[in-house]
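Only one chain comes next, encoded as structure tokens, the form predicted on its own.
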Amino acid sequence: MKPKITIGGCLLILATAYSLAQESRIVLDQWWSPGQDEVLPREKAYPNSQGMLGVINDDAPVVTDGHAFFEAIGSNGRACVTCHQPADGMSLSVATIQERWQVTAGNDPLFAAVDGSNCPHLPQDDAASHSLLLEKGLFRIPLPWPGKDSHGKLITPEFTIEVVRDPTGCNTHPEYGLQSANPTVSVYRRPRPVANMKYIASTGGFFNIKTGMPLDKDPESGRSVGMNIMSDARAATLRVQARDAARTHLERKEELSEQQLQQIVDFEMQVFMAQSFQTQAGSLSDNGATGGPLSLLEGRRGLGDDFQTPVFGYFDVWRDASAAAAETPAQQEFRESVVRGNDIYMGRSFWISDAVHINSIGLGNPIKRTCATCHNMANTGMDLAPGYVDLGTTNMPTANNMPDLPLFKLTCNDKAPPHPFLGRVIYTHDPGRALISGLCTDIGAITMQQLRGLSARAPYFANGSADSLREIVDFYDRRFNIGYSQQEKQDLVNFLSVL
């Protein structure tokens, strides 16, 4: 029987260590440096603000000495693990980023000029040059314009791009900007978790229901792919993504060897993470015994958007105080709040309107659905279909809330269908999928992320605009005029905190 996401027999010891660390304000050394050359055990738990994150290697402990994911295989001293830290849910939290700046006086490879600063031309020893990374966890993503499709063919975009606001100076810079010899659009995004990829990188049928077009294909096998790996769905597979990341983020000059490539992909497909202990709920490590969310390793694939097959399970043990074996009344009260949050997530319907790739695909505008309608992938809470949608996190008027990000004016040409809800002139700080597809309809569409391990990797959304779980809930409540009560909001926050 495979192990579950768990702290195993060491749960009590680790929970005690977490408690002592919190009380004594000890900063635990959780950072994995390139070339650290230690064994990443099969199971490891890392403390965070809500308890413990569990990380499991489904195959075996990983010997990191010489391993391409853990070694500095590029030219800037970084490894893949630099931006995908186990303690941060295989992503990177702002708290960790700020700690690395303090510990290394800004000299960690994490802050490499290429994308760890607001723009490479800025003075790299100045914290202000890294403000987007230090304050919101955002890396610069330089994308060629026009871009290329999944076959490497130059696209013919349906819109033009103008730079309206350029606080980083990168989009108007003569070497790095839109008018340079190699026209480039710089957007700023959070690193996505590379865990639980068994589900996220799985195939997704044949057609993209967001567009009605065939799904992208694996360039090596020719099979359709799910298109959920990247924020803009530009990488068809983990192999494609690894090559791109080595070339850009690690500034590697030559192609990865087949052995290096396979090491990276094998690790990403075997590593799982989820919150495994919550300070108020207790152990989350055994779904059947304790009532917590589904175990990842023994979980199922496919849709989980109804009460027959809920995304994260039923939490039924926690519904019944007499059966839940809670240690204290406070623990049982919190667990009951989580149950209510799960029920809201699965069953509290609200009107969704003016969201591209939800309301624009023939389902109606508005439509009455639930959180789980879109966050429907069993075990992860992603979208089983390609997950890129425009929720309004990047386009106006929300774009005005982040003046430290660039602002672009995109004008759709007369022959192209306009954006379904924003017309032909759209202002955005990240065109999202449109930078890859060239389609007006895709402007601002960003691939949603999984909900596992949220407590380990704040801030949230691709642009880091939500600093806390409560801000996620508040955003959706405002965006769709849901009208959650304060208790419902807290129940949802508690539910998200145990995933």
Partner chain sequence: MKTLQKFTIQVLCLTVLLAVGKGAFAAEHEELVLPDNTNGQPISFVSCPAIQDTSTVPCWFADHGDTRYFLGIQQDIGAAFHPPQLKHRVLVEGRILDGYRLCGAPVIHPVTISVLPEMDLQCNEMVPAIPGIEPPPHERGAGPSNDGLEPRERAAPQPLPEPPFEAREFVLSFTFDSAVMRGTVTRIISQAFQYARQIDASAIEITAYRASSLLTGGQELIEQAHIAESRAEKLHTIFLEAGFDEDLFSVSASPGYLRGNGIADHLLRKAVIRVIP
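Quick caveat, the model's predicted, so the values are computed rather than measured. Numbering follows the first chain given and starts at 1.
What comes next is about the form predicted in complex with the partner chain, which is not displayed.
Stretch 414 to 422 is the answer when you ask which of 119 to 127, 414 to 422, 179 to 187, 165 to 173 has residues with heavy atoms within 4.5 Å of the partner chain in the model of the complex. Within this chain, E336 is remote from the site of the partner chain in the model of the complex, having no heavy atom within 4.5 Å. At least one heavy atom of P366 is located within 4.5 Å of the partner chain in the model of the complex. Contact check for Q308: a heavy atom falls within 4.5 Å of the partner chain in the model of the complex.
Although the partner is absent here, I229 lies well away from the partner chain in the model of the complex, with no heavy atom inside 4.5 Å. Of the residues P146, G205, P214, P219, just one reaches the partner chain in the model of the complex with a heavy atom at 4.5 Å or closer; this is P214. Checked against the partner chain in the model of the complex, the residues Q331, T96, N359, Q263 give one hit for a heavy atom within 4.5 Å, which is N359. The candidate spot formed by L303, D343 and M346 is fully in contact with the partner chain in the model of the complex: every one of the three has a heavy atom within 4.5 Å.
Taking the partner chain as positioned in the model of the complex, the only residue of 148 to 176 that brings a heavy atom within 4.5 Å of it is H151.
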